Structure formats: C-alpha cells, structure tokens
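What follows is a single chain, given as structure tokens, in the form predicted on its own.
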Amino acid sequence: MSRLGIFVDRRTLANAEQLTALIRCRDTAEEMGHAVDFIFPVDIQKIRKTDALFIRARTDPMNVTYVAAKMAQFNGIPVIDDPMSIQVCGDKVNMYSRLLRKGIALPKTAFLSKNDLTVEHVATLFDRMGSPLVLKEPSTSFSLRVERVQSVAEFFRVARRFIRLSDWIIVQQFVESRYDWRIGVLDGQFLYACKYTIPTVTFKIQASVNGHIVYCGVDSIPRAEVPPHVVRLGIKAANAIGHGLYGVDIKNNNGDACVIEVNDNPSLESGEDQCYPDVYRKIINHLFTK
C-alpha cells in the first residue's frame, strides 16, 4: 500500500470548503488503495515516510510549504507542487519573464526598478499602455498588492509603497473584463476549466471593499463550452512554467486571449472541479506514476 501525504496547516482547515475538499481528496486516494496522512508543519519530518506529497497549504518560497516541497524532492518523493514551480510562481517577475520568452500572449508588461521611477518614464508607460495601468508587487498572491492607477501622481503613490517591499514593480496594461477563465493544467494536460466572475465593485477576483472582503463567483465550465484557443493558451502557458499542477488565469476580450498569471497548486475548494469529478483521481495517479 502506497502512502499519500497531504501537507496542510491551520489556515487550510479553518475554511469549511477547504476542509470538504481535503476530505474528498483523502476519500479518493483511499478508494484507489492508498493510505493517507494529513501532515502539519510541526510534523514535517513525516514527509520522509510518504510515497507522494500533495501540498494543500498556501505555497510561497518564504514559508514552510517550500521547505516541505524541498524535503520531498531531496528524498526522491513526488510532490505537488515542486520547489521550482513554487519559486517561479511566487515571483511574478520570474513568471512573466518565462512567459514572454515562450511567446505567451500577455497584456503589455514592463518591469520597473527604483531607478526607473521618473516622471518621464511613467508618462511614457501611460502613453504606450493606456490608462488605467495595473501595478503589481512581485510576491503578490490572492490579488494582494495589485492596484489600478489612473494618473502619474497615483502611480507614484502606489509605486513608492510597493518598491519598499521589492526591488521591482510590474506594470501592465489594464484589460477590461467581467470574468477570468481559469484553466487547470496537470503535467501539460488539460485538467479543468472554470470562470471567475469579477465583483462589480472591483477589478480583481478578490478585494477588500469598505472593510469587507468580496470574492469572485466561481462557475465550473465543461470543456466543450470553453473556447479552444483559451484551452490551448492555458496549456502553453503552464508548460512555460513546468510540469506540475497549475491554474492559468486568462482574459478573452473580444477573442484576444491573454494570460494574466499562472498559479502553482491552484485552489479546488470553491467548485472549480464541479464538472470534473475525476480531478483528484488524476492528480493522485500523476503523483504515483512519476
């Protein structure tokens, strides 16, 4: 009997939807004949006793999930997500650079260092990309430190705050859309598709508005109803990052699809997999056949 480790933390279990998804993953693995252990950070040494590891806590190169991934890799244990994917997706300068090198369609994108923050340079960006612009701090996740700016003065107010956290700022063209496609990809193969409907009070899939967190709507979409070029772009973008489990966010404005970002080890607890009941079976098969 093979043993699957599912790496979790308190935050993972604090949400009823996440807990339900974890139980569904465990039940699937057991139905397939595997033993399952939930491994918390305090028990990280137990990773060595597993045959495969599935990380279901927020991945970040600066936290314990990266240590868990490295421990699995060092011991020859298949892991989702792998350390390289965590590193790349945790640094959006690295991620977007890889996508650009592979010719992946993106909004117009620029990387700015502290020395680039001049009125002349910023004015040129507005001329080239239009208004508004979207500024991102490279380590952002869940739409944190992603802001839309309409003027040079507003740009500098946000940029000065972000540059204290990173050596670089990402500037992108704003693409108008009421929803994002999310294409799930596993080892270069289509896994699932859903739509994230953006709340009318913001331009992001998650935001704090008047002190309250608002979330996007999630609708699982059968593959036959997803534009084929969106699926192709999602797979191509994921392959530019690696061979793990990715959620690729895509805007398809007037048929011109572009990648907004690639997320390693994407969430599956909000109904993304409703039309794809075999998602966990495919992930577990992948882990035990690597």
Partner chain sequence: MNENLLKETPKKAGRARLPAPAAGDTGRLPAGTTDIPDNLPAPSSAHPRKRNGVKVPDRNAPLLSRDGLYIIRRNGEYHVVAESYFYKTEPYYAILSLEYEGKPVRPSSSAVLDAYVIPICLEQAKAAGIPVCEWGISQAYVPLPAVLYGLNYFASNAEYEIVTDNESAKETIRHITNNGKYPFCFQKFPENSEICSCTAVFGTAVGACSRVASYAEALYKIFSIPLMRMVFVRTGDSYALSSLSPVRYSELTEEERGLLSANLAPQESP
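Residue numbers count along the first chain shown, from 1. Given the structure is predicted, the values throughout are model-derived calculations rather than measurements.
FYI, the form predicted in complex with its partner chain isn't displayed, but the following is about it.
Proximity of D51 to its partner chain in the model of the complex falls outside the 4.5 Å heavy atom cutoff. Although the partner is absent here, S113 is a contact residue: one of its heavy atoms lies within 4.5 angstroms of its partner chain in the model of the complex. For the chain shown alone, F38 is not a contact residue for its partner chain in the model of the complex, no non-hydrogen atom being within 4.5 angstroms.
In the model of the complex, none of the heavy atoms of L144 sits within 4.5 Å of a heavy atom of its partner chain. Here the chain stands by itself, but in the model of the complex one stretch of 242-250, 64-72, 26-34, 217-225, 64-72, has heavy atoms within 4.5 Å of its partner chain. Of the residues T197, S131, Q87, S177, just one reaches its partner chain in the model of the complex with a heavy atom at 4.5 Å or closer; this is Q87.
Along 25-55, these residues reach a heavy atom to within 4.5 Å of its partner chain in the model of the complex: P41, V42, I44, Q45, R48.
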